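Before any questions on how it binds or moves, here is one chain, the form predicted alone, in structure tokens.
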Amino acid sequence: MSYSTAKSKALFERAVQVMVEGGSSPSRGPANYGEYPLFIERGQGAHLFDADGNQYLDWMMAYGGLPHGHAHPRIVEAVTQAVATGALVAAATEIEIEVAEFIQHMVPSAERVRFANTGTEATMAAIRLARGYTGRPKFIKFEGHYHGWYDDFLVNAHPHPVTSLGHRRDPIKIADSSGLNRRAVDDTIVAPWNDLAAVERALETNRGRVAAIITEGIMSNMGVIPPHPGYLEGLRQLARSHDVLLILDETVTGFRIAAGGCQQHYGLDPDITTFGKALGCGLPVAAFVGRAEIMEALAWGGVLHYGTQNASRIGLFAARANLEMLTAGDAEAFRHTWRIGETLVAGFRRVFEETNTPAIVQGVGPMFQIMFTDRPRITDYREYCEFVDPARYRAFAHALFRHGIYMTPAAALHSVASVVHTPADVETTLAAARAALAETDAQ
């Protein structure tokens, strides 16, 4: 049967009459998908089905938000039961205690837990908490790290020409959006990642004015860029020696890399951690957690964190079922996703080597991304901006669609293995990759 997306095209023509760019997020629109996006009707297990009836093996998994795949029966049952007894009460519930206790058990640094709705909300609250607790205005973020669309964070988070970034010892702050509060951005200090000397310089230059350092454990929104050995531990030591807080943004890596997230995998002890995406298994539930002394600053009359939707019953019922499944059998789910992810990455590398394709695959466990580049590895944001070819990746991803594989078409993001992926799915994907490369090379 020939591949057709005629219904997706028709739906997009209808969508642009009522929504900006035909959707609710630019990542879903023409910037990544070309003339029009694919309109997805449903998901089941490891597969997606679009409006034209095309079936795709899904390696995007809602940007890592679906550790058990689509419509897992346990999640469906949990959500159905929750809805049947009331979607929202905006009052204290036992389920939030249960999920908070579960997180506390899984994440040693989670002495106290506060729920939010999205990763952006969690990181916004974490920065406000750090400023309120320390009484200091500034914080350090890293080039290429995305912590949500809050004004303070939205600088140097997306690819820019490397010639516009300034010297790495004195980075130029580049706003990723119009409409930012420039006075708020003034308190944002930008530093290159994987460079402890740069962080130390920034702390010395701003001594006594820095509330926190915020970092992803793995750079997850610029492909996948792992930390250098000892780098995260070095950040922890620098934070302590300068009496600033270390905020670990695990919106992407939490409940994906290990039961205790990146901090378990790398042996970290952050002051505050943010979670999102995989926690709610597709429902909007997030959390920020940390040391009791710091988190207690949220008490009434201190650092304000309101939210009618905070600790949504439906999301927390899904989260409880999710965490139960992730930790079953001594956390076998994580070992499975690591096996699948590493097998797929090794397979992609073989395909690129055998076809003499200038591409690398970087990954940590279940997280991975393909980068079309002549470089043997990409270690920071500046290298990504200078040496990676996003247009070639996008063409490859679009060709994969035609061969039944759904990976993010956004070169700066990443793909992920889930519990429901199998070794057979890996082989199917590698065969499709060979066909997609042959197509794009012929163009």
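Start at 1 and count along the sequence shown; that's the residue number. Note that the structure is predicted; figures quoted are calculated from it, not measured.
As for the form predicted together with a small molecule, it is not shown, yet the points below apply to it.
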Inset, instruction - Please name which of the stretches 246-254, 132-140, 95-103, 175-183 has residues with heavy atoms lying within 4.5 Å of the small molecule in the predicted complex. - result: 246-254
Inset, instruction - Would you please decide whether residue 120 lies within 4.5 angstroms of the small molecule in the predicted complex, comparing each non-hydrogen atom pair? - result: yes
Inset, instruction - Verify the contact flag for residue 221: yes if a non-hydrogen atom of it lies within 4.5 Å of a non-hydrogen atom of the small molecule in the predicted complex, no if not. - result: yes
Inset, instruction - Answer for residue 115 alone: is it within 4.5 Å of the small molecule in the predicted complex, judged on heavy atom distances? - result: no
Inset, instruction - Give a yes/no on whether residue 260 approaches the small molecule to within 4.5 Å in the predicted complex, heavy atoms considered. - result: no
Inset, instruction - Could you check which residue among 148, 171, 365, 226 gets a heavy atom within 4.5 Å of the small molecule in the predicted complex? - result: 148
